[in-house]
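Have a look below at one chain only, the form predicted on its own, in structure tokens format.
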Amino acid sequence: MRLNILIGGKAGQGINKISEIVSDVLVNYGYFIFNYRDYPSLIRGGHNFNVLSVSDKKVGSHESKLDGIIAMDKKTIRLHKAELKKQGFVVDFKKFEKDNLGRNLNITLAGCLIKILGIDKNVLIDRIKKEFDNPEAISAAERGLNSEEEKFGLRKLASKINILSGSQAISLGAINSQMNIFIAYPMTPATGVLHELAGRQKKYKFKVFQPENEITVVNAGLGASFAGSKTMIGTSGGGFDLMTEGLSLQGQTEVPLVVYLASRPGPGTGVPTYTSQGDLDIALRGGHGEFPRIVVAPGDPIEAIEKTNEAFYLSEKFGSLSVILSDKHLAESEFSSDKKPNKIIPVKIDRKIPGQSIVKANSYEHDEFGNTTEDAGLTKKGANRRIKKYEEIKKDVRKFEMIKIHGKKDSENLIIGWGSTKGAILDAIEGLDFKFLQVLYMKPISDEIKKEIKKSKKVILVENNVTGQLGRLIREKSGIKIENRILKYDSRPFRSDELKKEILKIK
């Protein structure tokens, strides 16, 4: 069973609240959900919509055809009616215009959807009481419940399911690692982590700081880390560009630093509230000179918790730069899961800290004591030390999942992808003779990728960018060029039914 329901309206009307309420009710009823958010760069007005996908099995994407539309304005129906299935339903805000519901219209529409789905109305009423606890909100919910006919008859299931966005998951991973400070300047879609952590800092006893720009962010982050704090900084592509001199400073000083990079389409301002996997190249190479780094790319919130924890561990252990690479689709979509993340890896500070001993961190080439040098022999020695550290990182990282194989594991048909494409790929290959190789570590990259490609007859690369950046990385490391590529770069994520059609076209 799978349903795709679009909830649309203007920015500020509360469509996210409808999705939130209905998602909570569905999860408590034992159903899996995936919630995709689509919105322009506007605070008020425009056209915003969510696509809420519902299933009795795990779901990680949305589809192109709709089972229903919940419309908070005329534009929603006009723009999306052609996407409606033949037996699809429409709930039009106009039927409630005489009720003068005001800000409670979204609660009424949530009631409409709950009734259409066939869920016990008391589950919704209890949810409304828990959050709002006022007669107007309860009355608004009952108005919606009483206005529709049951259509789908969803029965209660026994599953225990949780909902997380990517931003919430990155935040939990940092908290699990006992982070001391998070520093960021707001930039969509990285801002979600800034908000999440700001709201939790008192409870978990860490600090959140917003300075005046991203140059300050990276330098303040290095300063905090030098002083002994477990530090993470956050940004999107344009901010990461500004940070690159500071990232190179990290490479020379070897002060641990974790960077959360949430991509959006570029170049320039691009399409700022939409999604792209266009920043893999800068995550791998941003900063001048040659120095070790780790780049991890989780594909769902559970992996985001785990890989953030691993990024902290590796950064502190090796005095390295760890980049956690995400994008708008992963950061702001809401995923449901019945799984729990792996056991937390303790993150220890084993280095010297100012105040406990004399410590020098130098942006110039330096000797083992931190003293500036331009000596040729010492310069070579420093470069060799940094490269040797990267070899040690490559050995240590093997204890983590660097890749995952999903689907029909003995298939000779292979799809390769990474990050937020995971959900759409998994949904697209269900029932097909394909396996999916998900790359989690971009740097260091696994030698197993080459082995999997060599034993496959058909190999397809799936990426949300223009040039196939993972494909280029694989070619660089393995010498193998992947000829079959499905690339989407219109600033929107893959929809699983459309991706399935593209996969089946490749003979």
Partner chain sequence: MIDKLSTKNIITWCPGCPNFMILASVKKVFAKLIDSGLNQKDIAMVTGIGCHAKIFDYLNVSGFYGLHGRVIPTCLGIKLGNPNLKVVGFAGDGDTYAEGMAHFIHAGRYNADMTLVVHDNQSFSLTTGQPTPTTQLGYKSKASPLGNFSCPINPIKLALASGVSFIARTNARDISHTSQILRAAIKHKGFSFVEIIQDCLIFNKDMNAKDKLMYEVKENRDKKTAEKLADEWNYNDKKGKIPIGILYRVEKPTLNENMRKNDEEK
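Quantities reported herein were computed from a predicted structural model and do not represent experimental measurements. Residue numbers count along the first chain shown, from 1.
What follows is about the form predicted together with its partner chain, which we do not show.
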{"query": "Stretch in contact, per heavy atom within 4.5 angstroms of its partner chain in the predicted bound form, of 343-351, 379-387, 305-313, 245-253", "finding": "245-253"}
{"query": "Selected contact from K409, K202, K130, K395, since only one has a non-hydrogen atom within 4.5 angstroms of its partner chain in the predicted bound form", "finding": "K202"}
{"query": "Of S159, N371, S139, S147, the one that lies within 4.5 Å of its partner chain in the predicted bound form (heavy atoms)", "finding": "N371"}
{"query": "Residue contact check: G223 to its partner chain in the predicted bound form, 4.5 Å heavy atom", "finding": "yes"}
{"query": "Any non-hydrogen atom of P211 within 4.5 angstroms of its partner chain in the predicted bound form", "finding": "yes"}
{"query": "Its partner chain contact at Q356 in the predicted bound form, heavy atom, 4.5 Å", "finding": "yes"}
{"query": "Contact test in the predicted bound form: Y364 vs its partner chain, heavy atoms, 4.5 Å", "finding": "yes"}
{"query": "Residues in 475-501 close to its partner chain in the predicted bound form, defined by a heavy atom within 4.5 Å, in order", "finding": "none"}
